[in-house]
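Starting off, we have a lone chain in the form predicted alone, written out as structure tokens.
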């Protein structure tokens, strides 16, 4: 009975895995086909591995420029999120005051607010800032980075907060007795211990920022500032869709994230569990 139940579960798991991976299979095999082959059979393997569509896709979407834009925005945004969120979470954990709890639960509550409910007021506020100050918040990489920092800090504070609660206070007390100030204690003692959660935050935010289309589409209008998802979008025209080029562009989009994920995946479960349970 147990063996048959286990076999059924394994079959279900395999079927779910196939269903999950099927969009990736369709995307990859059709990136090597011309239009006629795609319309003939979407699921069939390509007759030959022709990389001309990848070359055409890279040229049309200005891949190098889009890649550098996405990389710059993601790296700078994640860097600020990690630094600010870890320092904030540390102070909230170590400050035993009701205001600290209120601030923490405010961060958690903001995670429940959907972006779609905020996007129009957000654009109006950022437009007003751009018109009335010297800060260029719209059609600007730094304006987009500023917004990513705001939207990404809540989850990061939540994860760091849970992990820091499990760090013994005695470590910091011993360092204080040795004459260390708070700056030294955080960067030399606390922050290195946060490595699993830090990598988890980096991975989750990288996947989110790298693949995000909605916020960049609202903020960036200049062609030279387009991120990879924005560049890929323009394969889908008003009257025609270049499916093979779009598939090749999508493959190029996901490859960097997959490579990064493969090298850092061991930290995800550990970091998320620590942040949610401790």
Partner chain sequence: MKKKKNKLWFAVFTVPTLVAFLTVVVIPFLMGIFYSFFKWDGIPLHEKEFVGLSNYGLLLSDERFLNAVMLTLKYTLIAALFINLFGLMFALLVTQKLRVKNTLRTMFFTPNLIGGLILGFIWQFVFKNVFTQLGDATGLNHFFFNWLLDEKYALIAIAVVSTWQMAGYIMIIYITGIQSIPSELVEAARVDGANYLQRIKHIIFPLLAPAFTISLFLSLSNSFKIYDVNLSLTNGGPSKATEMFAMNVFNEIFGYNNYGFGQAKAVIFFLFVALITLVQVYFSKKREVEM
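None of the values given here were measured: they were computed from a predicted structure. Positions refer to the first chain, counted from 1.
Just so it is clear, the following notes concern the form predicted together with its partner chain, a form of the same protein that is not shown.
> Please determine, with the chain shown alone, which of 192-200, 164-172, 67-75, 104-112 has non-hydrogen atoms within 4.5 Å of its partner chain in the predicted bound form.
Among the listed stretches, the partner-contacting one is 104-112.
> Heavy atom to heavy atom, is residue 130 within 4.5 Å of its partner chain in the predicted bound form?
No, residue 130 sits far enough from its partner chain in the predicted bound form that none of its heavy atoms falls within 4.5 Å.
> Are any of the heavy atoms in residue 263 no more than 4.5 Å from a heavy atom of its partner chain in the predicted bound form?
No, no contact at 4.5 Å.
> Would residue 153 count as a contact of its partner chain in the predicted bound form, using a 4.5 angstroms cut-off between non-hydrogen atoms?
Taking the distances in the predicted bound form, the answer for residue 153 is yes, it comes within 4.5 Å of its partner chain.
> Report yes if any heavy atom of residue 146 sits within 4.5 Å of a heavy atom of its partner chain in the predicted bound form; otherwise report no.
Yes, residue 146 is a contact residue.
> What I'd like checked is whether 45, 52 and 220 together line its partner chain in the predicted bound form, meaning each has a non-hydrogen atom within 4.5 Å of it.
Spot residues vs its partner chain: no contact at all.
> Only counting heavy atoms and a 4.5 Å limit, does any residue of 196-214 reach its partner chain in the predicted bound form, and if so which ones?
Stretch hits, in order: 207, 211, 213, 214.
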